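Given next, in structure tokens, is a single chain: the form predicted on its own.
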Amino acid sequence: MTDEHGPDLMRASLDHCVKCTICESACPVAAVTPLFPGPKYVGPQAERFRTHDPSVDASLDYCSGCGICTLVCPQGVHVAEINAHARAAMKRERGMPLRDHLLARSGLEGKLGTPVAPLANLVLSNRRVRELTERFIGIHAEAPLPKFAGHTFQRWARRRPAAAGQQQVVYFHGCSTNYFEPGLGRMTVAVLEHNGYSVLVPPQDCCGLPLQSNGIFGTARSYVRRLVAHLAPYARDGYKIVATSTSCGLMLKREAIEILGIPDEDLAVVSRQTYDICEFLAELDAEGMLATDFGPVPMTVTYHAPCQQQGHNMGKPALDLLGQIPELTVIELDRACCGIAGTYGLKREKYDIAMKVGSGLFGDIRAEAPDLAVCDSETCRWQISHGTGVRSVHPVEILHRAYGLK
């Protein structure tokens, strides 16, 4: 197996394209802007004419990489993956903006911002600073940037004695939980422990997804290999690895293999053992092993399944779990995308597109006037809160509340 084994298989799938245009109809970006002609045009259709030269069509960069085109293709064409490679080649040829390098290194941002969180949050919330950042760096002044928590989940996990449990599970928390939402990590540990598991939290860093999304494939591969080196010993011993970030979990499950083409045995074994947290809990439920001592949660929440969650092909396990909580009213929203697509919607030239993509979802949430909005993806939660003013939380937070945990 070579480094290009996965990408070669993805590219070979383009011959199955029958030009049915289903991907065009489903594309959330093409629906709101003429700057992107659609996934078929820049993907399978244009790919047939690309040889050793990168694409000259700058519209390719307006693909958000949401992956919906691949999900809806009836012929199994890996449209989004083909586009990701073509976009990366084009950006390498034209030069990578400094902004993309900055946005792609969330772990580094977290390490630098956490020790000075109050100052960093104050500076990043200053309107004048944001305007200057938009002008000189290219990050939109209105983009939904998260706040540094000021402490890390890893620090909490190291100091906390492991709870006894009949079984053990490994928690892959990702950068967002470590630096921005450590409370989610603590709630995840509590929920897993309530279900009889002792939770292991090995050292870990960024999975490389932001780098991959921004076309920085070489560095992304090194990040993946470093991460899976920490996780693989557990996977080989049969431990399941649960993730609370749908995008980071998907990176380990298949994107690092299919897009980056990493021929790594560590990655292969980690991929087989990785589960989304709601997927893991739903499997416990199916086996009659889930703790169902839920107390009433008299609230109304909306639920949005983000694009990356849909890429797991696991259904919507969060809905099955939340549906068991007494007095909780869950309103499922039938919208494909919130628009943010990781770092896509933070960029100056793409912010308005992202907001237009998400406008239908935002309108649905405002119309329901829920107590909370529920979503599995961290960047989507930040985008939803930004677009609606409604606090958005991970499904684990609702489960934590229903269990009466502290």
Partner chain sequence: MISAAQARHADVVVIGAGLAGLTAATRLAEAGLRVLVVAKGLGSLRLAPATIDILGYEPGLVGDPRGALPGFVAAHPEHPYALVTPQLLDDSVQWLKEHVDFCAYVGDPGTNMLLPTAIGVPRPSAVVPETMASGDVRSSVSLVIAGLRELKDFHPALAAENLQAASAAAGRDVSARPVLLNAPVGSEVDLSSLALARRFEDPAFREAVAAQLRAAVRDEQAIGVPAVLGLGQVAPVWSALQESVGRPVFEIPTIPPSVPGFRLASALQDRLRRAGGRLLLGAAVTGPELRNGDLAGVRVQSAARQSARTCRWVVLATGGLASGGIDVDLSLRARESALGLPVSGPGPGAAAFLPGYFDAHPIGTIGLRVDKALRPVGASGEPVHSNVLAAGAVIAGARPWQEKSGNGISLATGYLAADLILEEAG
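Residue numbers count along the first chain shown, from 1. Predicted model only: the values in this text are computed from it and were never measured.
What comes next is about the form predicted together with its partner chain, which does not appear here.
**OP:** Go through 145 to 153, 84 to 92, 253 to 261, 191 to 199 and give me the stretch that gets within 4.5 Å of its partner chain in the predicted bound form, heavy atoms only.
**Re:** Looking at the other structure, the answer is 253 to 261.
**OP:** Run the contact test on Ser222, Ser359 and Thr388 with a 4.5 Å heavy atom cut-off to its partner chain in the predicted bound form and return yes or no.
**Re:** Heavy-atom distance to its partner chain in the predicted bound form: none of the three under 4.5 Å.
**OP:** Could you check which residue among Thr302, Ser245, Thr274, Asn178 gets a heavy atom within 4.5 Å of its partner chain in the predicted bound form?
**Re:** Only one option qualifies, and that one is Thr274.
**OP:** Would you kindly say which of Leu71, Ala141, Leu124, Val297 lies with a heavy atom within 4.5 Å of its partner chain in the predicted bound form?
**Re:** It is Leu71 that has a heavy atom within 4.5 Å of the partner.
Original post:
Looking at the partner-bound form in the predicted bound form, is Gln167 within 4.5 Å of its partner chain by any heavy atom?
Top reply: No, Gln167 sits far enough from its partner chain in the predicted bound form that none of its heavy atoms falls within 4.5 Å.
Subject >> Non-hydrogen atom contact Met96 with its partner chain in the predicted bound form at 4.5 angstroms >> reply: No, Met96 sits far enough from its partner chain in the predicted bound form that none of its heavy atoms falls within 4.5 Å.
Original post:
Closest heavy atom of Asp320 to its partner chain in the predicted bound form, within 4.5 Å or not?
Top reply: The answer is yes: Asp320 has a heavy atom within 4.5 Å of its partner chain.
Original post:
Does the 4.5 Å heavy atom contact test between Gly288 and its partner chain in the predicted bound form come out positive?
Top reply: Output for Gly288 is yes: heavy atoms within 4.5 Å of its partner chain.
Original post:
Taking its partner chain in the predicted bound form, which residues along 323 to 348 bring a heavy atom to within 4.5 Å of it?
Top reply: Read in sequence order, the residues that approach its partner chain (within 4.5 Å, in the predicted bound form) are Gly323, Gln324, Ile325, Pro326, Glu332, Leu333, Asp334.
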